[in-house]
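Presented as structure tokens, the chain that follows is alone, the form predicted alone.
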């Protein structure tokens, strides 16, 4: 990712804006929620998982098809799908002997779309 922003300058003063701090402290989510959010974003920190999510945003797929698409082993794909399922990012359904995976809900696709919009922003 290329650097788009100039370095951040430090404040040259020691003024504390208590009203702003109090307002932000009141509006911030609970620490546990922020921890859970950080854990969710860690799941997005793997390019293989992002590739799987991108594929599933287009169509539900079985492990065999995902493995073929991404030129990876079924075992490697299954491992990543377990991580994605534990994070409630994908769900599965069985049709006979075949298990199909899809995004868990529209929020997952929105997260991907927002991330893509952010990295594709013009400087």
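Only a predicted model underlies this, so the values are computations on that prediction, with no experimental measurement involved. Numbering follows the first chain given and starts at 1.
The same protein also exists as the form predicted in complex with the DNA; that form is not shown, yet it is the one meant from here on.
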Worksheet entry | Proximity of residue 99 to the DNA in the predicted bound form, heavy atoms at 4.5 Å | yes
Discussion item. I'd like to know whether residue 60 contacts the DNA in the predicted bound form, with contact meaning heavy atoms within 4.5 angstroms.
Written reply: no
Discussion item. Is residue 48 near the DNA? Define near as a heavy atom within 4.5 Å, in the predicted bound form.
Written reply: yes
Item to complete: Spell out, yes or no, whether the shortest heavy atom distance between residue 33 and the DNA in the predicted bound form is within 4.5 Å.
Response: no
Practice prompt. Heavy atoms within 4.5 Å of the DNA in the predicted bound form is the criterion; list the residues of 44-78 that meet it.
Written response: 46, 48, 49, 62, 63, 64, 72, 73, 74, 75, 76, 78
